[in-house]
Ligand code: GMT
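Consider the single chain below, provided in structure tokens and representing the form predicted alone.
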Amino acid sequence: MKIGITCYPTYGGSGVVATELGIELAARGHEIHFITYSQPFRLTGREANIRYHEVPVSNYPLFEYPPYDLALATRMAEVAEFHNLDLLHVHYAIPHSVSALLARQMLAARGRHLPFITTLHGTDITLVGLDRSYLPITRFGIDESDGVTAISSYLRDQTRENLGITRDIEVIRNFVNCDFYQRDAALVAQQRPRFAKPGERLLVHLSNFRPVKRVLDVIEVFSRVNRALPARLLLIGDGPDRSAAEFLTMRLGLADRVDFVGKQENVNELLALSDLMLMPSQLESFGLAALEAMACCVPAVATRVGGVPELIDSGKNGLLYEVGDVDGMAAGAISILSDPAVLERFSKAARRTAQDQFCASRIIPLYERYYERIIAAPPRK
């Protein structure tokens, strides 16, 4: 198939999933065209069967805010017509679904059918979609999509409840390449001394450092763990709460125990160096960072929110707590990290969950079959 993919190319879950989906589809022989304002950060530009099409946006003085959604619709239609695409797959409802709808209408006027699928990722429904300024257009874009998928049952249910959506929404959960995300013992032995000394436990957090990720709770949990046993913390990512996290780290006297490494492309290698992930988020529609860690044999201590319980079975492959329960999360982390046998049991269970339920080899065929259904369906009236 020839598939156009549009996403936010930045450091965030929806962009990561969209990019990894394109890479996996291309590896299976499909022709993939990314259409967005900059190249997704996980693309190298050297992948076979993948092409990138930049969306140029006018800076004409009349426009106080450049009309990206219209420029995107135009570029979608151009790429679809020139490369004879079979369908568009847009990630994150706003504004991508509306741009795809315009592109479909533009091509329909010339006798060309271009179906599009919208994948809902989380804040497009739970935050942006609930804003009264965007709710009607978000609902319209979803209703007019030829197909709609959600990354968790939780998000599907929230979409129906919050937006009044009654149409079918296919749940296709996030995935990870289990051959790429795994623990390489030799690499761990070589790289782990950069972040932890022998006898120290290494905890990790990966996010975009937005308030919803509660990075300050990560620091608080780690502070308690560090008082109970020798430990260090690896913080991967960047964002608005980084400065506050750095300040709290210094105030608690942890500056020499915490490494802020910023945005990284080799997160698979860094995650595999760790013993335990901390994910104390206010809300997660799925919890992709935890899945990536679990595939690397790193269990997670997380919050019981959103779609996280669909990934983490508390007490078996990780632990779940209420939002803000830093004492509970710290106690749970200590209970895992202080007993090598318990840590090994959780680590193996985490890897097994990723392999059995969320590997790309299991999820990508679900997308392929869904694409085939949408392409074969008659055009929407």
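Each residue number is its position in the shown sequence, starting from 1. Every value quoted in this text rests on a predicted model; they were computed, and no experiment measured them.
Although not depicted, the form predicted together with the named molecule is the subject of the following passage.
The stretch that touches the named molecule in the predicted complex, counting heavy atoms within 4.5 Å, is 115-123, out of 115-123, 71-79, 256-264, 178-186.
Checking 275, 284, 217, 292 against the named molecule in the predicted complex, a heavy atom within 4.5 Å turns up for just one residue: 284. Listed residues 224, 192, 210, 139 were compared with the named molecule in the predicted complex; 210 is the one with a heavy atom within 4.5 Å. Using a 4.5 angstroms threshold between heavy atoms, residue 13 counts as touching the named molecule in the predicted complex. Shown alone here, residue 231 lies farther than 4.5 Å from the named molecule in the predicted complex, counting heavy atoms only. Taking non-hydrogen atoms only, residue 21 never approaches the named molecule to within 4.5 angstroms in the predicted complex. When the named molecule is considered in the predicted complex, residue 174 lines it closely, a heavy atom lying within 4.5 Å. Along 288-317, one residue reaches a heavy atom to within 4.5 Å of the named molecule in the predicted complex: 288.
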